[in-house]
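Take a look at this single chain, the form predicted alone, given in structure tokens.
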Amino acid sequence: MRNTWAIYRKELKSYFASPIAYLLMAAFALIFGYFFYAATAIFVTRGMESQMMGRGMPMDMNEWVIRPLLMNVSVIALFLIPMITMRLFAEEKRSGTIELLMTSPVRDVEIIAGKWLAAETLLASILGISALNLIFLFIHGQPDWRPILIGYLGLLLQGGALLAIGAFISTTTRNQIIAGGATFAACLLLWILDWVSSYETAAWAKVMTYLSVVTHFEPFSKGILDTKDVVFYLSVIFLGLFLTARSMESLRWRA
């Protein structure tokens, strides 16, 4: 645990010692700010139109504002995660410091866990910026806070799963650009797998739909905490980190 903590602190410090973390936070704040403005503007406009037409049914803020925002954030994560993970191991291999890690008295699992936790912490920090916008909803409205917490839990689980896959890809190359591009391609593929369900109902199509990260995030965006979705993300995290460990073991043998 001590070694994992040391790796975690070193990796997290490297993010914030460089412009990477601040650029990602600034980009996310700008994009999310626009999404937030658009969602609330649509909500207010539809509410005024409803009142003018004499409809007394109140509009659900969680359905009109929170859920679209959560889905949009999950799309933004497709672009953020490759930029977070592309340097995890590729930079170590390029600079030659991977040999120091491999020969140090630190187990592979401790290195992988420390780096993955640091990446997950950075992602959580970036997502935390969006909470500043949501405060205005509680000041001027009464949204249900429980679906929001469940939605953010889904974002962290989905992000953790994709980060684990990105960590594995980063161990396979010393080029950060290649690692980032391959990670984005893998994340995008897992995102669009459920498209097949719109034109195919065979068993293989159902399997592909189940493997899509979108299929398992939609319940979270609705405020529904389903065990099978949590298990899916935890399984992908375990698989990604397991493959990373095997790749690290291969590097050790070749060294």
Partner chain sequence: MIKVDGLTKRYARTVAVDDISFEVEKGRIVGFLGPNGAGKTTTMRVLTCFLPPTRGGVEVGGFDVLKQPLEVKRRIGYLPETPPLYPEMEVTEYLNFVASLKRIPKAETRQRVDQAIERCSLGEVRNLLQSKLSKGYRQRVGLAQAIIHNPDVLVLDEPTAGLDPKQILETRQLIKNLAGDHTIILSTHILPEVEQTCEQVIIINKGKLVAKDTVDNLTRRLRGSEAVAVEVEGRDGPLDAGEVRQRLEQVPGVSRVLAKAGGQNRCSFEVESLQGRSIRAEMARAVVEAGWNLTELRPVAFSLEEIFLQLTASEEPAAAGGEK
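Positions refer to the first chain, counted from 1. Just so it is clear, the structure is predicted and the values come from calculations on it, not from any experiment.
Beyond the structure shown, there is the form predicted together with the partner chain, which is absent from this document and is the topic of what follows.
The contact with the partner chain in the predicted bound form, taken as any heavy atom within 4.5 Å, belongs to Leu100 out of Val75, Ala124, Ala185, Leu100. Figure note: of the listed segments 176-184, 132-140, 92-100, 153-161, the one touching the partner chain in the predicted bound form, with heavy atoms no more than 4.5 Å away, is 92-100. At the 4.5 Å threshold, heavy atoms of Ser14 reach the partner chain in the predicted bound form.
Within this chain, Glu120 is remote from the site of the partner chain in the predicted bound form, having no heavy atom within 4.5 Å. Interface membership of Arg146, defined by any non-hydrogen atom within 4.5 Å of the partner chain in the predicted bound form, is ruled out. At a distance threshold of 4.5 angstroms between non-hydrogen atoms, Lys10 is in contact with the partner chain in the predicted bound form. Taking the partner chain as it sits in the predicted bound form, the stretch 103-120 comes within 4.5 angstroms of it through a non-hydrogen atom at Thr103, Ser104, Pro105, Val106, Arg107, Glu110.
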